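Listed next as structure tokens is one chain, alone, in the form predicted alone.
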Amino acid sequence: MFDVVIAGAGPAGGHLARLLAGQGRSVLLVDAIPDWHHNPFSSAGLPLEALDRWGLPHGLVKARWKGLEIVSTAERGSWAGDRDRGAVLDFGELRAFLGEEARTRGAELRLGTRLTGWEALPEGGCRVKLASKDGNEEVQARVLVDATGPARAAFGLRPGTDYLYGVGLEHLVEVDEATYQRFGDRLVFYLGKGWVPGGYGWIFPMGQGRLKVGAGVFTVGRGRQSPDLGPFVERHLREEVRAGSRTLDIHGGLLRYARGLGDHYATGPVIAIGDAVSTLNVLGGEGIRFAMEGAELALPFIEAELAQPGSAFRGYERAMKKRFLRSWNHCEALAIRKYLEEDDSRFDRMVRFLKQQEMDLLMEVLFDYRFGRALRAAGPRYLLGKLWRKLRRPLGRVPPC
């Protein structure tokens, strides 16, 4: 019997595995991907300080960025920093680092293996059902961790929960040196229906003459079909990259966010972490930092369950919501308004306002979600207009944040 079986070797599952294995726990880490570089669906852009906080080696960094650029239909704002502000990681190498470090600390690792079900055992713990190309098998665990992200393999979708769906598509392309220099020191975001209706686009540097060019869209409700994202990515390549490029890889992924963080967090000996409990910023699709932080939040509850089975997960959902709910509610409301409701003129006005602000304020808003800083910078006239729009907003609409 394993102390802990973790299904899903992304940032949440891999980080938790290395923490538990480092504490001497017997851990089995499984993931359905056949190899670490299969479908590296995350753009993996994050602030520089995250590398040191989670002990991520600088060898994972493909590019560092100093500046930001935000492009709407009629406006283009550009901020050139005087120092490195963040990094773009190779997501496949990040997964590999976390998984292999867990293995060096004693965890057992199996790729190409997926969670198909589980059963609670009368004596405690559970029987975990796994499947791979070699067939089906069962193992026993004192605790099962669902880190399978949007698949939510242990619990499935929670009945009665509203979900915000997102689908992303990204091309890894190779460009000439002159083209790369235009994008090599910055993250570029594209907003508005003229670029990507119901979502946004991006161009990130990946070092060695390579760029990530992508688009993502959102829908509210269950199972709504998303549009083909290929034309939006092609437009970015045609109108922004412009010079000839060679596509090296095409990958994508699904985001399924439970509104109000209404996921199923734990039952018996089973607990969910990471994207399986919506531990991501739906406004920008950023999840790596928060998945790893969420794994750390779950760790003491897992340790308590191992010490005293049957009651230790009480309080876990409350702790997660205390940390994330307020910020995520703001991000959720803002994402729905910006991507699904407002017209392009509002994006243009937003970019015009941001062009008057310093780089530090953008970093605080985009990566620390300190929206109050932007509101204070906007001044009394903006706040009065915001209050007036709120009073006029019909009942039942998403409230402004």
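Residue numbers here begin at 1 and follow the sequence given. None of these values were measured; they are calculated from a predicted model.
Although it is not shown, the form predicted in complex with a small molecule is what the next lines describe.
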Partner-contacting position among L164, V241, L261, A153 - heavy atom within 4.5 Å of the small molecule in the predicted bound form
A153
Considering L115, M206, V173, I302, which brings a non-hydrogen atom within 4.5 Å of the small molecule in the predicted bound form?
L115
Heavy atoms within 4.5 Å of the small molecule in the predicted bound form: does G253 have any?
yes
Would you please decide whether F41 lies within 4.5 angstroms of the small molecule in the predicted bound form, comparing each non-hydrogen atom pair?
yes
Tell me, yes or no, whether E93 is in contact with the small molecule in the predicted bound form, where a contact means a heavy atom of each within 4.5 Å.
no
The small molecule contact in the predicted bound form: G294, any heavy atom under 4.5 Å:
no
Among 281-289, 71-79, 302-310, 324-332, the stretch whose residues bring a heavy atom within 4.5 Å of the small molecule in the predicted bound form is 281-289
